[in-house]
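What follows are structure tokens for two forms of the same protein chain, given separately as structure 1 and structure 2.
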Structure 1
């Protein structure tokens, strides 16, 4: 469906509940996005929530000013499962009949948004970092080519589903308030239940090294695995230093591609580093307030993986490293083994 008149846009926020029944920070950020957009378009917005029990979540945002609240609540919708999630989202959309659908870019929502958009003959965008509306046009900003190229796009087609990445909007805060939500569905058809969620696992050595809510990201580069000035590799020392730093600072750990692709000579010493830790290239571009890169030389950490790190510092032996220059706020030209050992010592005090 094409919609020429932008002023006709109706906005819908769709969110899922967390295990404890509340809404995640990411969903509350998306709520801010929807609310802001409604204000800039002088229109109203509706909210749809799905999950095992949506009451708590709806109450959590009861004072957000939504025109309408919709709910898909029931045991079938407890787990993140494409078929039931898409059934819920489709149901909420069809009930609300909005032209703009906003959701948080969580793994659960990102999985279903494009498919549902297709079902209802709409279009979808994921990894959106901002949405701007004016009287004449609605634009979305997102990254292409692994955060290397930034694009501002627009579409005339509606409905337009947009998944907004976390970290771009301030999470909505407000008092709890009881709301009356319109129930859209309470169970899903049997065909949607061919899959079952059977568990949640932490891969790797068991060390929890990825902490999305940490203030600091430590990025370890392949330099930790290379021969040092004495001509030998100090893998065990590197392991001790990195893990020591993580436990003392509470930082999340990122690694360059070379670091997570280690050959078997070094794999054991760095077994706490899995592909899930990788940033840049085929890894993630996590969002943290601070980032400390150690022993990195190359594009991944500094150019792509660091895109969403606010304050950046690097410890590197190459003063002219073109990857750190212009990308980091401070570059310490020094041996990271010595510096980080000292940092650990100071953090222990």
Structure 2
């Protein structure tokens, strides 16, 4: 496709339903992305939804202004399974015949987007942070090398499938409205159902500590499990303090690599913290409005995980720690045990 023909691009948003039949915040963010891109290209967009029952999700976004609504609905599409998910996504794409396909970068969609793009002789980009378009150019921006390099990508090849990471767009909000969706499929072929979904299993942490939508991220470093001023380890007190803060504040919990590796080193660890909580160069880069680091030294490999945190604060006894060297907006030189105990006391009131 010639770059001068970008205004002819047709845009399609594909989303899957959640367990309750609605669309997730990540999918609503992708919807905002699709609407904004359609507006910048002066074109329309279509929406395709798949899941066990898509009626609630379609009604949820019925007033979004889409030109067409497509649906793949049935028991075969309830659970995340590559064969049935890719069948649904491919079916929606072939029905819409769009040149730009946008989806939320959920684990479920990221797993199938590359395969479907290959089947339809298209190209795919995952972990996209923004998409911009004009009459002559369409670009996708994403981070590389653990958020150290920002790449701006443009392609002439179509169709172009784009998985947009959560946290980059504001979730679409609007009134519910009944819509008439065109049914694409209600059942998958037998060949797609050879794999059976027998259930869902979550990490055995015993606590819901990862909350992507929380305003605040608390990060716990290995200092919580080391000897304190009295020469002893206060792991149980640390556990109570951290969980108390999470419960009272509604914050999400992150951990340094040293913290989540404690169990493998035969040291006393927190059963509510797994490698899924790890942030930093070898972990994740969460997106929260505010971040509070406790008992962390703030070395570059760890601090890189804070790249998208808007306000950073740290509590550490060492005034010369890594957080003091330009990585924190505010550094409290104090004992994290005492500070967080006081914070919990204030939150209780």
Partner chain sequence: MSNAYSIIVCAGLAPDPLQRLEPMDTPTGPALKNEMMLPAVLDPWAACALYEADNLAKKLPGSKVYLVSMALKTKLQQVMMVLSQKVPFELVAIDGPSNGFTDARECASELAQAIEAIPGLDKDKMLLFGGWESATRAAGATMQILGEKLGVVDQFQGVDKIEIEPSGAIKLWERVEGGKQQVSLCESAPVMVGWATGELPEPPNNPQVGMANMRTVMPALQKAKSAAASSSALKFKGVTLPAQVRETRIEKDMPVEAIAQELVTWIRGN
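Numbering follows the first chain given and starts at 1. Predicted model only: the values in this text are computed from it and were never measured. Throughout, rigid core stands for the largest set of C-alpha atoms superposing within 1.5 Å between the two forms.
Where the criterion is the form predicted alone, structure 2 meets it and its counterpart does not. Once the cores line up, the CA of residue 324 ends up 2 angstroms or more apart between structure 1 and structure 2. Superposition on the rigid core between structure 1 and structure 2 places the CA atom of residue 19 less than 2 Å from its counterpart. When two forms of a protein are overlaid on their rigid core, residues whose CA moves 2 Å or more are considered shifted, and residue 129 is not one of them between structure 1 and structure 2. Here the two forms are laid over each other by their core, and the C-alpha of residue 224 is off by 3.4 Å between structure 1 and structure 2.
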